[in-house]
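Only one chain is included here, represented as structure tokens and corresponding to the form predicted on its own.
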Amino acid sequence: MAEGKRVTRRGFIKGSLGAAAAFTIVPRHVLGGAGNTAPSEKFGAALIGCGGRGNGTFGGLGPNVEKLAICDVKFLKKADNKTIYSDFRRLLERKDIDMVAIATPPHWHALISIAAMEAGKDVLCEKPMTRFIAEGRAIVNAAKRYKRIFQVGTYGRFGASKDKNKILTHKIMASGLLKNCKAVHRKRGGLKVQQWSGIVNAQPHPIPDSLDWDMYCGPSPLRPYHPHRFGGSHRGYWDYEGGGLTDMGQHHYDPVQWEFAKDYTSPVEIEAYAPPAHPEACAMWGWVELKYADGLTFTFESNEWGKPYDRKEDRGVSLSDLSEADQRKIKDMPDPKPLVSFPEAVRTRKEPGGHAEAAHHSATLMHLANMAIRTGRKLRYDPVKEQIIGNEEANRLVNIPMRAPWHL
């Protein structure tokens, strides 16, 4: 084979089959094929979104990955549509790309993830998974429809799943034996609320020649360009993200969600303590309380504004919360199976640890919290229908209209 020539999926399997016929029978998992990717094969990959988190996100794709292309709206002048792109749609046309890492601002996560899976690519996407709740459900549906591997780029749950105390909590909560959960988990600070606040009444600036600003805005409103809306500070605007809460919250609460076995449901009551919110710029808030139907309470505290949260103290769950008969049932339960990493999921076609449904529900925590902050109302949520009950203002934030021609 010529030096430097890339081993493709098809070429590797064809060569291996020939060798097998001549010498011996080779197990299916060694040959590769549907659901049995050969360990020695290199995967073609691309990075979409080449800002500060780009290389870190790409690294999560794992070993045996060859970066074939990069894409970013800031590459408008140097895009050659061979290895450098400014429009992700052109990149996704390539058949030699097996997976993509997405590190764009969150207002693009859903559309690019869905388009990539439709094009046959597996996806590792930066947190937060989405900008609003309906996008998450659309990603979950796409992953099922196209049978692709999707994982959000938070890894805290992998550590939580190896902690004996957290495993016990997971088993108690997953068992359904605890009918009235009094547990309270509070996150105090570390949410970068002031750091990722937006600028109010920012004056327009000239658009850099190298930037496709229309494409950057994409499904969000086409606002006048301002440098604070681009780069890491994009987090301070509802158009693109949801402040420090969505920037950091999925990191903090994704492992907690696993610990309390809430990967398939969401809170039913949400209440925030915050000043009136600006319609465009994310700003300060004090705390948000999110309560599940079984009584479990999660709380975010900013520690950056207003009076401290003082409603409930931290409290976990223990075997003593159950009857002796139920305690024996928990002790007889097997531990949960080890979580599957993204690279292993791609190779084996097993569901990854941070799979689409779990990621959707952990992102929903942040969205519900922000919806309570933005509306200034206590909200009731139906986690089955994924709709706010009795508040149309808040319900409009569940499925925010996209700027044409973009749509879910």
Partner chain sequence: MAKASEKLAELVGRMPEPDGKGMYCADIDKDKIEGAIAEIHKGGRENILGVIDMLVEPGKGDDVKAHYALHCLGLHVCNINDRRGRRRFGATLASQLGGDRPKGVQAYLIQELQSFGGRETVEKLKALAGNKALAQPVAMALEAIRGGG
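Numbering follows the first chain given and starts at 1. Please read all numbers here as calculations on a predicted model, not as lab measurements.
Note that the form predicted together with its partner chain isn't included here; everything after this is about it.
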property: Gly60, Pro63 and Lys144 all contacting its partner chain in the predicted bound form, non-hydrogen atom within 4.5 Å; result: no
property: Position in contact with its partner chain when the complex is considered in the predicted bound form, options Phe75, Trp305, Tyr309, Trp213, heavy atoms within 4.5 Å; result: Trp305
property: In the predicted bound form, the one of Ser197, Ser161, Thr169, Ser266 near its partner chain [non-hydrogen atom within 4.5 angstroms]; result: Ser197
property: Stretch in contact in the predicted bound form with its partner chain, which is absent here, among 147-155, 310-318, 273-281, 333-341 (heavy atoms within 4.5 Å); result: 273-281
property: Contact of Glu393 with its partner chain in the predicted bound form (heavy atom, 4.5 Å); result: yes
property: Pro224: touches its partner chain in the predicted bound form, heavy atom cutoff 4.5 angstroms; result: yes
property: Touches its partner chain in the predicted bound form: His361 (any heavy atom, 4.5 Å); result: no
property: Partner proximity in the predicted bound form: Asn180 to its partner chain, non-hydrogen atom cutoff 4.5 Å; result: no
property: Contact set, 363-389 vs its partner chain in the predicted bound form - heavy atom within 4.5 angstroms; result: Arg374, Thr375, Gly376, Arg377
